[in-house]
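Next up: just one chain, as structure tokens, the form predicted on its own.
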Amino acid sequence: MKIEFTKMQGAGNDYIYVNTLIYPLPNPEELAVAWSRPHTGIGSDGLVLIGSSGKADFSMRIFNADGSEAKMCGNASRCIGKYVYEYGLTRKTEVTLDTLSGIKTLRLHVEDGKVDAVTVDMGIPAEIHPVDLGEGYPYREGIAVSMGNPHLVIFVDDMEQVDLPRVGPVLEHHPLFPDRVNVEFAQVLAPGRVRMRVWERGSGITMACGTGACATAVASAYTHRCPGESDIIMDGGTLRIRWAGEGTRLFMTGPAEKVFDGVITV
């Protein structure tokens, strides 16, 4: 069977997108692993399925490069907004998306018929608290944040000194997080400007992470480093995060780009 797909990226976080309204995939976990491989597959951070929903305009399912299913991805949600508008699935510029972490609202910024940016209502951040990682770990303190998926934000003075390939998998599997955790390292460059690198659970080092950028902005405000609005600068690009404080909704704005369309046989 031939499957049409679209490779898209948001701030360098790249996924394979399939419209399951046309191409239902019975084994997305296996396909995510095979297709995400950079040399023998398409190459990506994972597989995203766009489908129908009885509660929202569309649904989103995300499978990481290791086949595990994620609850939410901010970069992928923005790309879905661009996909459904530019491929004619909707004419709305405000779209609701059914995810495993709840209904998300996407506001599409359209210019000359193209979506160049998307603002996502990411909901209310939860479970924000300091954590002590204990002795024997490369870092002792961090801030835990839930954006519908778990994050651990660690502030550093010099990002260049972070050995991400070494410490990322160790912290991802920390016993404080039985379901594993996304790990963000953050360096405050100036008021409202934070440099971030990420180790995503199930994918490893990625160019960006939308929910990770949100968690970093929350942790920056929670620790009084950068309250209010922040630019989170990642390897793949920058996201603007707006959050008024505990108990309020968080809004993420950033780019969404199509890389290419393709057909693959399964």
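Keep in mind that this is a model prediction, so the values were computed, not measured. In this text, residue numbers run from 1 along the sequence as written.
Beyond the structure shown, there is the form predicted together with a small molecule, which is absent from this document and is the topic of what follows.
Within 4.5 Å of the small molecule in the model of the complex, a heavy atom is found for none of 156, 220 and 225.
Of the stretches 225-233, 36-44, 22-30, 201-209, only 201-209 has residues with a heavy atom within 4.5 Å of the small molecule in the model of the complex. Heavy atoms of residue 59 never reach within 4.5 Å of the small molecule in the model of the complex, leaving it off the interface.
Not displayed here, the small molecule is approached by residue 72 to within 4.5 Å at the level of heavy atoms in the model of the complex. At the 4.5 Å threshold, heavy atoms of residue 99 stay clear of the small molecule in the model of the complex, well away from it.
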